[in-house]
Structure formats: structure tokens, C-alpha cells
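There is one chain below, alone, in C-alpha cells, taken in the form predicted on its own.
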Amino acid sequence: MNENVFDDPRITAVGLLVEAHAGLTARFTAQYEEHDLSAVEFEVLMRLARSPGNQLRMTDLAAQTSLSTSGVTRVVDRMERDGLLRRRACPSDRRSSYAVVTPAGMQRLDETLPGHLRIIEQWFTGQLEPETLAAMLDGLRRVRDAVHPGATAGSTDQAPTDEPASAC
């Protein structure tokens, strides 16, 4: 094997991405725990809060989080017991249901986000010039869309209504 392969910039790029992710994740995890949330619970709350009507179909939530449908069911069950989410049946398709953020879930996010944003600013976006950040975001979106095409599933749909004619 060519020894220069270890200096390949592709390996360096992935290594830096993994190291940055690990460092940020450690900081985020400690901050989530202060608010009695796991990283997955925070992600679920954020994805729902950023979606139309603060809700997503369970299948879209699974696609966005890279969890299996049974994994999403377990997380939503736990969060529903904690009062952070509720399920809403789809009126036009009994096989489909929505996970919806409750007022208590939005309050938990409101309490968590200031610290989360401080960490992001201090350890990520604040380390980059605005032009560098814009280019990085563009690049990350392209990579994300290539490796995880379902990452935005359901997030641009209209908020469903309770009317029987709504599509689920």
C-alpha cells in the first residue's frame, strides 16, 4: 500500500468531520441532560417544531432522523408519556399518524435552545467567517442530500388539517 494514501485529503476531510462532530456532540449532550432530554429527543422536538404545524407523519419523522419506524415509535411513546408530544391520527388514512409537539414540548425547547445556540456560536459558527460558513452549509447540504435523501421528508408539506379530505 502506498504510504501517501494516509495523507489523502479525503481521509483528512472525513477525519476532521468526525472529530468536529464528536466534540460538538459531547458539548450538546451535556447541555441536553441539563434539560432532561436525550440527543434523540432534542432532535425529534427540533424536527417537529421546524415542520408545518409542528408535526410530521411518523414515517417522515423516521426518515428524517435515520431511526427505524420501531425506533421512532419507542421514542415517541416515551416522549408522549413525558407530555412532550402527542399522536394525532390521520383522518383519511387510519394506518398513518402524526407526532405533534405539545405546549410542554415547545416550552422544553424554549428552555433548551438558548444554551444550545450559545454552544453552536461558541464552538461552531463563531469559528468561521460568514462566507466560509455559507460555503460550508452549501457543501454540507449537498453531502447530506446525497447520503440521506429522506432528511427533509415531510418538512415542506402543508400542515395537515383534521378534515377528512386531507392527505396523509
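If you're wondering where the values come from, they're calculated on a predicted model, not measured in any experiment. Start at 1 and count along the sequence shown; that's the residue number.
FYI, the form predicted together with the DNA isn't displayed, but the following is about it.
- Residue in contact with the DNA in the predicted bound form (any heavy atom within 4.5 Å), chosen from 40, 63, 100, 109: 40.
- Stretch-level contact check against the DNA in the predicted bound form with heavy atoms at 4.5 Å: of 123 to 131, 52 to 60, 24 to 32, 100 to 108, the positive one is 52 to 60.
- Contact annotation: residue 87 falls within 4.5 Å of the DNA in the predicted bound form, judged by heavy atom distances.
- The DNA is not drawn, but in the predicted bound form it has a heavy atom within 4.5 Å of residue 71.
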